[in-house]
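This document opens with one chain alone, in structure tokens, the form predicted alone.
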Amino acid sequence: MSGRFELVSVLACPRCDHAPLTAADGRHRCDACRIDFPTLDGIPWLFAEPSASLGEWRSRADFTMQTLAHEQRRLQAAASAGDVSDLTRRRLTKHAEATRAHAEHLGTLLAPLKLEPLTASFATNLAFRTRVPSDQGLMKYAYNIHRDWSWGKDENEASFAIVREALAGASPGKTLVLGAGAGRLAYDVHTRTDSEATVVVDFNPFLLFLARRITTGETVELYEFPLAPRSIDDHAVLRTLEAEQPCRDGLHYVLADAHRPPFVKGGFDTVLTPWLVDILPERFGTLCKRINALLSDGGRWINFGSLSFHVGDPALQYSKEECAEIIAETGFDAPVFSETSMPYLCSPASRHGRHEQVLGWTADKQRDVPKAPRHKALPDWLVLGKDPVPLLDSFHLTAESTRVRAYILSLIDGRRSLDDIVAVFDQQKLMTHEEAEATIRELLIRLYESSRRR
């Protein structure tokens, strides 16, 4: 090892790739862009448009707190109803109190999000195509938190075993964990190998705020709300989250987007991508090029997960064999694959856990490849607003179904029966009688069932 590792030595601007960044006053500055990237709770915030991305996460934090307040009121109202049993009232009352306490815990953990004012507009964020995906709430991976730092020893050990086998006794050197979630794997790699430094990256601030506290020796209490509770007392379980010991020096956290990793070319000897490559909304080959650029010559890429590509285009839902071909075409040697059966989110308070058949691979970098294009979360016709909006199949189908749905809903006035609504369709010859009856009944069934779900 050559001297003490400094995080700034591997940081680059996520907007223009300029390096080095200047670290001062708790911020990192890109002199080329003339922009400052803040630090929140000791973690650099290195999104391409830092103020706008902070605004998005603050909005999601506010929404989370509002949702919890609404859920508490809903549970209290249910507990106060006169037709519930004492046992049900006990469960609902306990759940409502746990929800209130959970909101207090979250308020403390999310406090760093309030430190920066909103200064950038939504349009500014769009210009850099760096918006946070709409399905990524702060608490989307709440179960992973409890697995990592409470009850998930078997799964955590299985994950680390994959990495240990892939390293084959070699030092991981400077290690990047991309899409690290709540940080347990990064902690295990850093404490149980002789890595020179381990840099932990995720774009969810709550996960990294929590991971940083736990790995520096703090104990955090947080409620778990299992999807399928085993007993009446398992609907809300207060967990103690802690690491076996504080982590040694050299574990660093960075908040950033994996599509625009803010690091210098060739900055790492090992890149880990646990449960990541198949959920990113871009071509797999593009991601391979990004990983290649992050690795030093001869550096090692270690990946594992389910390989269930979350893209609509069937041509991009690659098999293991297609992945191997793409990896080899993007500057790596032929990947070595492994398959492992391991537990997945098997909480002792829930019946929802399962076992997964996990696919892993190890690939060493052989050569540099052309730089991957800058990620664009949105196309020009959405951002710039000048080009025609394309009539995508999904748009066309949505338009047709929305018109029918809206018309049916407009006929619901509290007086018409289902047969009366079908009669309107008959009179206007919008469908055959049989089609109208089936369509309207199916829509009303779906809406009714939806109103009764959580």
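Quick caveat, the model's predicted, so the values are computed rather than measured. A residue's number is simply how far along the shown sequence it sits, counting from 1.
As for the form predicted in complex with a small molecule, it is not shown, yet the points below apply to it.
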Using a 4.5 Å heavy atom cut-off, which of 104-112, 366-374, 316-324, 180-188 contacts the small molecule in the predicted bound form? 180-188
Residue (of 309, 223, 337, 141) lying close to the small molecule in the predicted bound form, criterion heavy atoms within 4.5 Å: 141
Proximity to the small molecule in the predicted bound form, single hit among 160, 151, 284, 275 (heavy atom within 4.5 Å): 275
Would 407, 424 and 426 all count as contacting the small molecule in the predicted bound form, using a 4.5 Å heavy atom cut-off? no
Could you confirm whether residue 146 comes within 4.5 Å of the small molecule in the predicted bound form, counting heavy atoms only? no
Partner proximity in the predicted bound form: residue 253 to the small molecule, non-hydrogen atom cutoff 4.5 Å: no
Looking in the predicted bound form, any heavy atom of residue 91 within 4.5 Å of the small molecule? no
Can residue 259 be called a contact residue for the small molecule in the predicted bound form at 4.5 Å between heavy atoms? yes
